[in-house]
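First, one chain by itself: the form predicted alone, in structure tokens.
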């Protein structure tokens, strides 16, 4: 027993060391590389890791697979952008407003869908997302089919969330991701997290044990939508242009889903790992194959998804954890 405890303690310390080294490497990466393209790729990795985790709250932990999270991201982007363009409100304040508005819309439109489950819920989220996208596409006040362009107000301003260099965006995206991971880490180990997993594993059993299933589904929905709205504001300020198709289209919703599933849905680090795998793959395909085979990265996504489904049903993180546990067991038997 003493040896097993010492082994666990040693493994935990090594995991903490690895996480700390990774964090240090990510913090100093912009200082080591002057490539703006490298910084852009890393920013997009952080962006999708955050978005994947937002999707993962509802779909990974609770088990309600959604194809409509692009609508939440888009609502956050449009709210902060419209407040900035019309009233000069700082995007940081617009981010808070976007979270509030998105939570209300999510509760109003998606709440009736929580009575559904399985593929019925998934299909209904596609319909709701498309309705929201069409409303924005055919409403001139919010830019309509032309979208909205954010003018450069200041060359470098934290208040207006605009910078002449990509480095500030890099650190803001990294900070947002780390704060989100910390919040989800606490959630995972709280009563809320346990109830989420109980609902995912067996809703009827969870009800029988006294879990207020409807209440915790609503909590998951609001949390998931709120995080999506936060990263939607970052998207708008980073690209300085938003459009119903780019922020609410099916592609961004599917990319969130694929990254999380390939990395390992229902886990803390799986969606992050998925982003670190898929975004570089997409980048390489666009750079080297985009001219000849446009959209080829979607084929690669399909191959990766099939491969993971066959060889690692729990995702890359789940497979790695399983291998680590196997090594632990062999080490114990060897001792």
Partner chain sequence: MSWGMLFLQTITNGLLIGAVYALIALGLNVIYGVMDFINFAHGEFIMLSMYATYFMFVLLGWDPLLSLPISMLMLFGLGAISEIFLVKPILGERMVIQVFTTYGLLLFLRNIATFFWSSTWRTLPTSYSDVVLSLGEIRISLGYALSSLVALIFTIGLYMFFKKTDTGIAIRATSQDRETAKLMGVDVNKIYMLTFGLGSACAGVAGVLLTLVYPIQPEVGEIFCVLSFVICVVGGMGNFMGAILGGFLIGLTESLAGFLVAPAYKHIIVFIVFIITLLIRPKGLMGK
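Each form is matched to the other, and the largest set of C-alpha atoms that superpose within 1.5 Å is called the rigid core. Just so we're clear, the structure is a prediction, and the values are computed from it rather than from any experiment. Positions refer to the first chain, counted from 1.
What comes next is about the form predicted together with its partner chain, which does not appear here.
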Taking the partner as it appears in the predicted complex, which of 78-86, 209-217, 228-236, 135-143 has residues with heavy atoms within 4.5 Å of its partner chain? 135-143
Within 4.5 Å of its partner chain in the predicted complex, heavy atoms considered, which of 199, 223, 257, 95? 257
Please identify the residue among 131, 107, 183, 100 with any heavy atom within 4.5 Å of its partner chain in the predicted complex. 131
Contact of residue 250 with its partner chain in the predicted complex (heavy atom, 4.5 Å): yes
Should residue 310 be classed as touching its partner chain in the predicted complex when contacts are defined as heavy atoms within 4.5 Å? yes
Examine residue 301 and determine whether its closest non-hydrogen atom to its partner chain in the predicted complex is within 4.5 angstroms. yes
Could you tell me if residue 171 has a non-hydrogen atom within 4.5 Å of its partner chain in the predicted complex? no
Since the partner is left out here, which residues of 95-116 would have a heavy atom within 4.5 Å of its partner chain in the predicted complex? 112, 113, 115, 116
Answer yes if the Cα of residue 309 shifts by 2 angstroms or more between the shown form and the other one on a rigid-core superposition, and no otherwise. yes
